[in-house]
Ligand SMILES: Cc1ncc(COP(=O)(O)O)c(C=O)c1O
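To begin, one chain is listed below as structure tokens, in the form predicted on its own.
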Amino acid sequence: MKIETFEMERWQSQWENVVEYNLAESGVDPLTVEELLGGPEAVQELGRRQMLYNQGNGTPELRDRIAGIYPGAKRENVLVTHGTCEANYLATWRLVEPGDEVVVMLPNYMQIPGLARGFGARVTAFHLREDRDWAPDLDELNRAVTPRTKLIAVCNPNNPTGGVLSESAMSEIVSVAERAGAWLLADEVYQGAERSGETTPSFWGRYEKVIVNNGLSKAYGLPGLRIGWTVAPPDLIFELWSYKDYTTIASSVLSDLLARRALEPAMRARIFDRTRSILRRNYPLLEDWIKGHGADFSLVPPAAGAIAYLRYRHNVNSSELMKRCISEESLLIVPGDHFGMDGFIRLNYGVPPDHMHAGLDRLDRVLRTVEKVLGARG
């Protein structure tokens, strides 16, 4: 098996801990351990934990907490993974064989299409349309799905657009999957990061072959725990657990414990309130910045996630523009190229306001330099 370069992850892992200003993330400013546990005494108690191997599929207590989020689910429906990334990997690895057809929503986090091609599948797409406020082209979905389709992969709320599927669109996607007998994998890692405060409905329970992947990195502000999960039929969960034996074996005992704390119902509600308050506070600041640039940018307002997917008018490749940001201003932003869409950038607005303002000022300086260069060429 040969895999293609996962451009966005390679970009971020190479630069995120090097630059002075990072507007490339897609979650909110992370919580501290003390904020999660409630005080220094609880942190000290954590320090007395013995560093054992954790249960491979996640402790029963954590799986019960996760199952409680999904009506009708039980711990047997849950596999705890090393972030949502491992959940996506395991499901794709288990389901996709050479010659299979995989249909993917685009734009999207590009892990699943890259893996599917690596596993020998034929990957086709249906698109979210900017002129429809990032609603899906369901006619294109119907054309893309055939009796040979093994897997349909969606991301809702969506990365990078921040769009949320309507109830009717979700129903149609489920109907298409059922008609083909295909598995439907829903990456729901941005659920809980809605500016409106209304939690995005899950695909769970809508069809017997639904797989839901989620985790603590985005809406929960806990990316350092590296805790994700898959919710699926028990037989598939048991198989995925055997695949996990070949990858990470088990999550950290400390991460499992802290995840249980985060998923206590009252704490989960407080974390979501925190996330949404950050987004509601920061989004108007970003909106004012965009308005101050006239026709230079256009944006379909994101419904969820700490991400804005901006179209820009400057006649320069998005990767080249973002490389300038790194080299000239020590600023990291994700180019639209990484989603197969030049002319866009994905910008994070979940950071502290002073960090965001400083990052946007640096982006302004790069844009002025680019405009001078383009003007001189013209």
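Residue indices: 1-based, along the sequence shown. Model, not experiment: these values are computed from the prediction.
The following text describes the form predicted together with this ligand, which does not appear among the structures shown.
Peer 1: Contact check in the predicted complex: S26, N159 and V189 versus this ligand, with a cutoff of 4.5 Å between any heavy atoms. Do all three pass?
Peer 2: Heavy-atom distance to this ligand in the predicted complex: all three under 4.5 Å.
Peer 1: In terms of non-hydrogen atoms within 4.5 angstroms, which of the given stretches 181-189, 295-303, 113-121, 72-80 touches this ligand in the predicted complex?
Peer 2: Going through the listed ranges, the match is 181-189.
Peer 1: With this ligand left out of view, choose which of Y109, F272, Y89, F126 has a non-hydrogen atom within 4.5 angstroms of it in the predicted complex.
Peer 2: By the 4.5 Å heavy-atom cutoff, the listed residue in contact is Y109.
Peer 1: Note which of C85, L258, A250, V96 lies within 4.5 Å of this ligand in the predicted complex, where distance is taken over heavy atoms; exactly one does.
Peer 2: For this set of options, the contacting one is C85.
Peer 1: Consider R226 of the chain shown here, and say whether it contacts this ligand in the predicted complex, taking contact as heavy atoms within 4.5 Å.
Peer 2: Looking in the predicted complex, residue contacts with this ligand include R226, since a heavy atom lies within 4.5 Å.
Peer 1: Quick check on C155: any heavy atom within 4.5 Å of this ligand in the predicted complex?
Peer 2: Looking in the predicted complex, residue contacts with this ligand include C155, since a heavy atom lies within 4.5 Å.
Peer 1: Taking heavy atoms only, is K218 within 4.5 angstroms of this ligand in the predicted complex?
Peer 2: The answer is yes: K218 has a heavy atom within 4.5 Å of this ligand.
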